[in-house]
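Next up: just one chain, as structure tokens, the form predicted on its own.
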């Protein structure tokens, strides 16, 4: 194992410990790992990193306790009308890093060149996934940036609002022939995501997959059938 890979594994362990610490006490983690609380505390706080051998041992012990789908579900907050808030999910950097590892493993064989998302809530997931894939992330916005001359531009009418929405993406952000992974935090009707797919078409880039933290209803099945690309979500709400 290279030195870089070894450090990455150690940092992965720290993220997992920080995530588990939100559910388990230090006493419980000590029983699981067989390590003193003081040692675990130093790992969680980033004061010291374990050896490569201990890292492998701890990952083997701790990974069975990590269920990212359940971690996401318990952070989603619903109000009395059934609307939900996913900010507790996308603001949890340890959880998002672990989710990004999972997403990267799903699309590793697609030779992704760019991660594309829409501002603003899709940006945290896009950044984490792009980092894991070691590629750039670009995002479409509802306003034109000053200083950019040429844009890809797609207008659509969201069913929830009834008014025209336009997304803009600088033309330098996507190049002809690039393999693009589209990600977003939530997909409901699929209209925004179809606009991102249209941007790929304008750029003559190739969408190779789509991933969402949360999907509502059967929208991802419809996208998969219509565009014939892998479309996945971590959590599906009916």
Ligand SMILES: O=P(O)(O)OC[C@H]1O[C@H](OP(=O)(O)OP(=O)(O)O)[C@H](O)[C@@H]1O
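Positions refer to the first chain, counted from 1. Just so you know, these numbers come straight off a predicted model, no measurement behind them.
Same protein, other form: the form predicted in complex with this ligand, not shown, and the subject of what follows.
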For this session: Name the residue from 166, 105, 120, 111 that puts a heavy atom within 4.5 Å of this ligand in the predicted bound form.
Result: 120
For this session: Scan 58, 180, 29, 187 and let me know which has any heavy atom within 4.5 Å of this ligand in the predicted bound form.
Result: 187
Seminar exercise, completed: Per contact check vs this ligand in the predicted bound form (non-hydrogen atom within 4.5 angstroms), the hit among 48-56, 191-199, 35-43, 169-177 is 191-199
Exercise. Though only this chain appears here, would residue 142 touch this ligand in the predicted bound form if you measure heavy atom gaps against 4.5 Å?
Worked result: yes
Exercise. Just to confirm, residue 159 within 4.5 Å of this ligand in the predicted bound form by heavy atoms?
Worked result: yes
